[in-house]
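Before any questions on how it binds or moves, here is one chain, the form predicted on its own, in structure tokens.
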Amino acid sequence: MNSFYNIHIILAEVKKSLKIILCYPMEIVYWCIFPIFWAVPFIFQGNALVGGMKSEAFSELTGTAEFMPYILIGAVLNTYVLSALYGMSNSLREESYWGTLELILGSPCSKIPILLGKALNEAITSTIFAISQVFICIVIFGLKIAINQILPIMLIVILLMLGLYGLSIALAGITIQIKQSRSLIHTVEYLFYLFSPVRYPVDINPWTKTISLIIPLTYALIVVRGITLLNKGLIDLWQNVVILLLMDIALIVFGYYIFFYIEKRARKSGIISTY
């Protein structure tokens, strides 16, 4: 019976969250389009600097001379980062705006199904956004993805999402304590943006290369680009896949521990009911 009720809670949370986002159709359009167009200036800049769409210096760092698909793939996968951070981490702050946070945290049900429902909702919406962006990349920018590459890419995306949601759950817990999420989310977002190979190869600088090793997005990008741009298989990239899986486990355990520790502390201090 507990399993049945937990599934009901998860589905109810997904239904509620989807209803809310459908009330703001322009936000859906925004996330479907603008992450791709954020990458366009980098493409134009690269074209202006090297006088074309290929660069031998770029090839020495990445294994491919074509920097446009490299940047576009980074933009699409970065959508999951942005969606997880803004959606999942900010979800409890939004509950406090709506006046429902105290009811959720004070309810007798387990908080794990609630968090899983929010994570599942973010997975659904992020995938819709990513599919729309891939379609734009294929039609407008000529990005090529073979049919046999889809399943390996989906596996890597799932692994990336697991790690991101573990991190986002921890950030959601911290949000309960500090009552503010924007600055925290922006800080993590910019760290990912700077130290992961989203727009450029991190090998260009020893600091970015070193710090990128502790960010799950780095390994997801290496594998997806290896599959799509270098025609490699998962077997050829197994080390990155294993590292990504281990980081997922660590982040999920860390995220749940931080969330429940802070939630318990917030209950005792009474901070939940304050602004």
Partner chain sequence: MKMNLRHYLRAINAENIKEWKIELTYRVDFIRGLFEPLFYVLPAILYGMAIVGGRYSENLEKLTGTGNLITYTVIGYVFMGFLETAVWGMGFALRKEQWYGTIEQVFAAPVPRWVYVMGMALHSTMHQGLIIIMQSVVIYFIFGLVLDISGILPSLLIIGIMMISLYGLGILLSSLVLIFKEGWIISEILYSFMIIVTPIAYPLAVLPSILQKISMYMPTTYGISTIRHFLIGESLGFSVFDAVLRLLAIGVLWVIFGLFIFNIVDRRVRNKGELGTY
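Numbering follows the first chain given and starts at 1. This one's a predicted model, so the numbers in the text were calculated from it and none came from an experiment.
The following text describes the form predicted in complex with the partner chain, which does not appear among the structures shown.
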- Message: Just to be sure I understand the contacts: of Thr210, Asn47, Gln239, Asn231, which is the one whose heavy atoms reach within 4.5 angstroms of the partner chain in the model of the complex?
- Response: Asn47
- Task: With the partner chain left out here, work out from 210-218, 240-248, 223-231, 56-64 which stretch has heavy atoms within 4.5 Å of it in the model of the complex.
- Result: 56-64
- Query: Judged by heavy atoms and a 4.5 Å cut-off, are Glu94, Phe260 and Lys264 together in contact with the partner chain in the model of the complex?
  - Reply: no
- Task: State yes or no: in the model of the complex, is some non-hydrogen atom of Leu194 no more than 4.5 angstroms from a non-hydrogen atom of the partner chain?
- Result: yes
- Taking heavy atoms and a 4.5 Å cut-off, does Pro201 contact the partner chain in the model of the complex? yes
- Message: Can you work out whether His186 and the partner chain are in contact in the model of the complex, taking contact to mean some heavy atom pair no more than 4.5 Å apart?
- Response: yes
- Message: Taking the partner chain as it sits in the model of the complex, is Lys144 in contact with it (heavy atom to heavy atom, 4.5 Å or less)?
- Response: no
